[in-house]
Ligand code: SAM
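This document starts with one chain, in the form predicted alone, laid out as structure tokens.
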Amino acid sequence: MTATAAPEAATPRLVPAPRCTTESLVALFELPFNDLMFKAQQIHRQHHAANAVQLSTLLSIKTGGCSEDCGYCSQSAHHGEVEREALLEVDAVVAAAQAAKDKGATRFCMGAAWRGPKDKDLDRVTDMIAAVKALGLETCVTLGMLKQGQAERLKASGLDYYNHNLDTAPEFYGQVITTHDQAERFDTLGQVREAGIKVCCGGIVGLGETRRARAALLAELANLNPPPESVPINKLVPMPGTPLENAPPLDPFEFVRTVAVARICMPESLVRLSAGRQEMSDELQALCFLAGANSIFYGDKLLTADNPEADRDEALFARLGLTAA
């Protein structure tokens, strides 16, 4: 009798460590604003240089035509209005990475609008990673959901970070995305960790979720074992043609509270101000840095959304006495 091979086991979901609960984070959100800021700044200084901010630059290497229906995204084939562009050539990516490095960025992130990469596309992406790594930059990609073996290929090419956001709380997820569930995101994160790649994972606020849902998202992130090394906090940029184009704006102080709670529950992580900075005043960004944000996306574009120009960021850093790290 011939033996039959055992079925391939599914990638296990990351096992949560009991770091915090939604209820405990709701309690933090509800602190008086000054008390929350004071607590966040104390924890920030215990784990990070007080006035250093890490600079990352994000480039869209393949734009538009994504099969997923994420309600916030203009690159979705379901409702997106962004002009589709094919996967960039390696030379174009290297030129953009060199320009980012010349302006002070230390990490270069490459994003592709896919449900997940095909193996033939991954060949060119791994070439991009190796070439950007050769410039002396940290490398990060966001390519969607990975299949078995793809994370190992990315690691072998020199990848430092893989970005795959949880986006929002599990109970709110189905109101924003219907073409996949959040468990599939955990599967990809598990593959990334198994391959020895650092995790960049955060979410988007201002989707119409409640404060409790924001706390639940941060609890999920904090309970990953270990927590993500980088946590991007995105403020929704309502994009024309998307289901969320008319979403009511999030109160600025609520956004600062979200940053502060993220700092408290993930003390060792980089907390990054990501999408939405173009619409933030200098004063609001200063409050976010006080709340514990210590990383930004740097450059004039975030995939398809505008971002503050580098010169504006440099001027803000000078006014606040911040240094690029």
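None of the values given here were measured: they were computed from a predicted structure. From 1 onward, residues are counted along the sequence shown.
Note that the form predicted in complex with S-adenosylmethionine (SAM) isn't included here; everything after this is about it.
Answer range among 235 to 243, 212 to 220, 124 to 132, 92 to 100 for contact with S-adenosylmethionine (SAM), defined in the predicted bound form as heavy atoms within 4.5 Å: Partner-contacting stretch among the options: 235 to 243.
Please tell me whether any heavy atom belonging to residue 73 falls inside 4.5 Å of a heavy atom of S-adenosylmethionine (SAM), as the geometry stands in the predicted bound form. Yes - in the predicted bound form, heavy atoms of residue 73 and S-adenosylmethionine (SAM) come within 4.5 Å of each other.
Verify the contact flag for residue 114: yes if a non-hydrogen atom of it lies within 4.5 Å of a non-hydrogen atom of S-adenosylmethionine (SAM) in the predicted bound form, no if not. Flag for residue 114 set to yes.
Contact flag, residue 187 vs S-adenosylmethionine (SAM) in the predicted bound form, heavy atom cut 4.5 Å: No, no contact at 4.5 Å.
Is residue 204 part of the interface with S-adenosylmethionine (SAM) in the predicted bound form - any heavy atom within 4.5 Å? Output for residue 204 is yes: heavy atoms within 4.5 Å of S-adenosylmethionine (SAM).
Contact residue in the predicted bound form, chosen from 157, 142, 139, 150 - any heavy atom within 4.5 Å of S-adenosylmethionine (SAM): Going through each option in turn, the one that passes is 142.
May I ask you to choose, among 270, 264, 275, 36, the residue with a heavy atom within 4.5 Å of S-adenosylmethionine (SAM) in the predicted bound form? The residue from 270, 264, 275, 36 that makes the contact is 275.
Contacts with S-adenosylmethionine (SAM) in the predicted bound form - residues in 156 to 190 whose heavy atoms fall within 4.5 Å: Contacts from 156 to 190: 163, 164, 165, 167, 185.
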